[in-house]
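Presented below, as structure tokens, is a lone chain in the form predicted on its own.
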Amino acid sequence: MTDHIRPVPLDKAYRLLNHGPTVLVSSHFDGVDNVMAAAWACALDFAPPKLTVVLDKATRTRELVEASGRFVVQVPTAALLNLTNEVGKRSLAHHPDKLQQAGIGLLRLSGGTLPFVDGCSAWLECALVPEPHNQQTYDLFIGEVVAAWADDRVFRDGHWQFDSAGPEWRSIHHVAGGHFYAIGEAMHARERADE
């Protein structure tokens, strides 16, 4: 359901990732959709907004990204914990029905062929910034964010609203071996007066 999905201004897109969540990466090429989990993703630049994500050579999603030059990075919620774990463990190469088995619903937010995972809290549509050395040596991919959206039940006015949203909206953070944490409560640093 897309009733709560709102565009995020590109100058605020970095805020969708700067708290370090585990993400889902999706892509499409030649009639094939795929989604994988990635623990190593972060905001890289403001103008134009860019992000980085590590995509292992063995993943089918990486093949789709390299072939199409486009991908989506999305922030799954605690409600999608099991789905995130499943797509992180299973490869489309060995499980052709992986998306159906995981129960993934796909949206087409930008009107094109890119798959967006339903139920996430944020989505960043990216154009690949080719950096062959980084991609081959470090599995590190750079994407320029060309559009962004968030669910206004948990992100609005340019800020996450984890404290007022239900616990199912919290972002998840992979530690290792299927072990995750949900983001905790907000803390605010004390402002010091200039001396």
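Please read all numbers here as calculations on a predicted model, not as lab measurements. Residue numbers here begin at 1 and follow the sequence given.
Below: the form predicted together with another copy of the chain, not depicted.
- Using a 4.5 angstroms threshold between heavy atoms, Q136 stays clear of another copy of the chain in the predicted complex.
- The closest heavy atom approach of C42 to another copy of the chain in the predicted complex falls within 4.5 Å.
- Within this chain, E191 lines the site of another copy of the chain in the predicted complex, having a heavy atom no more than 4.5 Å away.
- Though the partner is left out of this view, T113 does not reach within 4.5 Å of another copy of the chain in the predicted complex, counting heavy atoms only.
- Proximity to another copy of the chain in the predicted complex holds for all of A78, D163 and G184, with the criterion being a heavy atom within 4.5 Å.
- Of the stretches 26-34, 145-153, 61-69, 128-136, only 128-136 has residues with a heavy atom within 4.5 Å of another copy of the chain in the predicted complex.
- Applying a 4.5 Å heavy atom cutoff to another copy of the chain in the predicted complex picks out K89, R90, Q101 from 88-115, in order along the sequence.
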